[in-house]
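To begin, one chain is listed below as structure tokens, in the form predicted on its own.
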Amino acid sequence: MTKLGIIGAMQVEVETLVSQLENKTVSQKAGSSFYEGTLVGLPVVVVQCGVGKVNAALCVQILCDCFEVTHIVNTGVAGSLCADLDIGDLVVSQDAMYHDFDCHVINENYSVGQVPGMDVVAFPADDALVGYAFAAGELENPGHTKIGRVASGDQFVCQKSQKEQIVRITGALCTEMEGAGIAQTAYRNNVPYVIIRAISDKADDSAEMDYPTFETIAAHRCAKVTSSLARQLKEALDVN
């Protein structure tokens, strides 16, 4: 049975989706609330993971082990690293990588961002989910969705110098604090995933001012796109 795990870092990122669940039940695991039910007829589990890569990875593993999800979507907000991405625009992950993981000093064969023992630097998203997410984004806000790399690290990026360094290291379109942790855990569990991020700030010297203003707007847009993705996944299953 197909079951979609939906992960958001903050309450505002998941509360809209939780309110839409039918036949809802809730269970507590590792300090997080896992809401299980159906969304547009598709079995789903929605969880607020909390901020940061460890919290995010922990929730993915619980979704895999305890709820046996078959697909994972990470929804939320991010800072733009691309001049063409403005506040409210959407990014769908082609892949995800860390911008704050660096072991190349102890082994020159490791690229910046590469986790020792992993066979990739950036963790590839699932093509089908990427397609569903992009179509959903274009339906919500035509002409304002891009597919590209998501960069993650345990820091809120709010200085131009930080932004420039992350772009140089990763070539990513946006930066946030959970996506790569979710991507790595999904990759190791062989579970298809995609990240959907709405731009809440420009990840520069204006970020501290913009983020509180636009966080809720961006998060609600992401929730709509995630719901649309779930509908497309359900329709694809019905056809097949």
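Fair warning: this is a prediction, and the values are worked out from it, not measured in the lab. Numbers follow the displayed sequence, beginning with 1.
In what follows, reference is made to the form predicted in complex with a small molecule, a form of this protein that is not presented.
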*May I ask you to state whether V157 is within 4.5 Å of the small molecule in the predicted bound form, using heavy atom distances?*
yes
- Item | Contact test in the predicted bound form: A78 vs the small molecule, heavy atoms, 4.5 Å | yes
Please check if T185 has a heavy atom lying within 4.5 Å of any heavy atom of the small molecule in the predicted bound form.
no
Handout entry: Any non-hydrogen atom of M177 within 4.5 angstroms of the small molecule in the predicted bound form
Key = yes
TL;DR on 188-196, 55-63, 30-38, 169-177: the one with heavy atoms within 4.5 Å of the small molecule in the predicted bound form is 169-177
